[in-house]
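One chain follows as structure tokens, the form predicted alone.
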């Protein structure tokens, strides 16, 4: 009976939370299959559902969608680059701090984590000035490096926690067999923290995929901007095509959702690695 009551409470809590979470997504979908006239009708289902909005978006048949596929590709390229570079930086730093015990490594990690005391939005203007100083403004490298800077401290911390759980006997055995630090990193360290690598890479990729403020500040050319910035342009018109905005947003939300569900089990195990000591 106690178990049934517990499950009943969870269901009573879970159903409202699920409805509250899925309601905005449902309304996005409703807009995407509605005509402009029916979009604000208030009906739970359009009288004449249509896929015409998807056709307009895919064929770029609107002023705001002139570079849809180019901007989609920009978002994908930047997100993948941020994920890859963050993994290289974080894995190398965590290995040096945790396994090689580099002098001053923990101080560097603490200083990096200290940056999270300052909201990322407050760092946008200093980042803009820094990119301008180094001649990187209006290039995709500016956004990639900015996102790597934001994602790396947390990524290093997660990988260090996972690394601290690895038994030292593995390192000692590898060194006895003549392994160099690079071989130890490549053949022992990386395979053992693979779940955490997947989690950290996914985190960095999704962070860059959804970024708006830094993309808006650091990129200005319509052919170089990411899709979130392009979606913001819809709001500049007096009579915005909301049905196309919601359709584009729904399409843009599909890749991260697919990535998350594909690597969900790695995300859970990877992000909680080192949370409990055995």
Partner chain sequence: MSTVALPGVEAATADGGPRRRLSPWQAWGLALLAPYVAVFLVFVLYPVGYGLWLARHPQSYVQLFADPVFAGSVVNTLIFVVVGINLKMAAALFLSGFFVTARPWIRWLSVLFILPWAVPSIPTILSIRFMLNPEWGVVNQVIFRLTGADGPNWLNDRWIALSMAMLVHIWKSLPFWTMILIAGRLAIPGELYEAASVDGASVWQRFRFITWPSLSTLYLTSAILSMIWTLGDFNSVYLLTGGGPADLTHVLATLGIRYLRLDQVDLAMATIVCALPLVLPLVYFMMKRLSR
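Residue numbers count along the first chain shown, from 1. Not measured: the values here are computed from a predicted model.
The protein also exists as the form predicted together with its partner chain; that form is not presented, and the subsequent description refers to it.
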| message | Using a 4.5 Å heavy atom cut-off, which residue among 163, 74, 202, 152 comes into contact with its partner chain in the model of the complex? | response | 152
| message | Contact with its partner chain in the model of the complex for residue 62, defined as at least one heavy atom pair within 4.5 Å: yes or no? | response | no
| said: If we define contact as a non-hydrogen atom of the residue within 4.5 angstroms of the partner, is residue 70 a contact of its partner chain in the model of the complex? | reply: no
| said: Taking any heavy atom pair closer than or equal to 4.5 Å as contact, tell me whether residue 158 reaches its partner chain in the model of the complex. | reply: no
| query | Does residue 135 make contact with its partner chain in the model of the complex, using a 4.5 Å heavy atom cut-off? | reply | no
| For this chain shown on its own, do 55, 66 and 81 all sit within 4.5 Å of its partner chain in the model of the complex, going by heavy atoms? | no
| query | in the model of the complex, which residues of 104 to 127 put a heavy atom within 4.5 Å of its partner chain? | reply | 105, 106, 108, 110, 111, 112, 113, 114, 115, 116, 117, 118, 119, 121, 122, 123, 124, 125, 126, 127
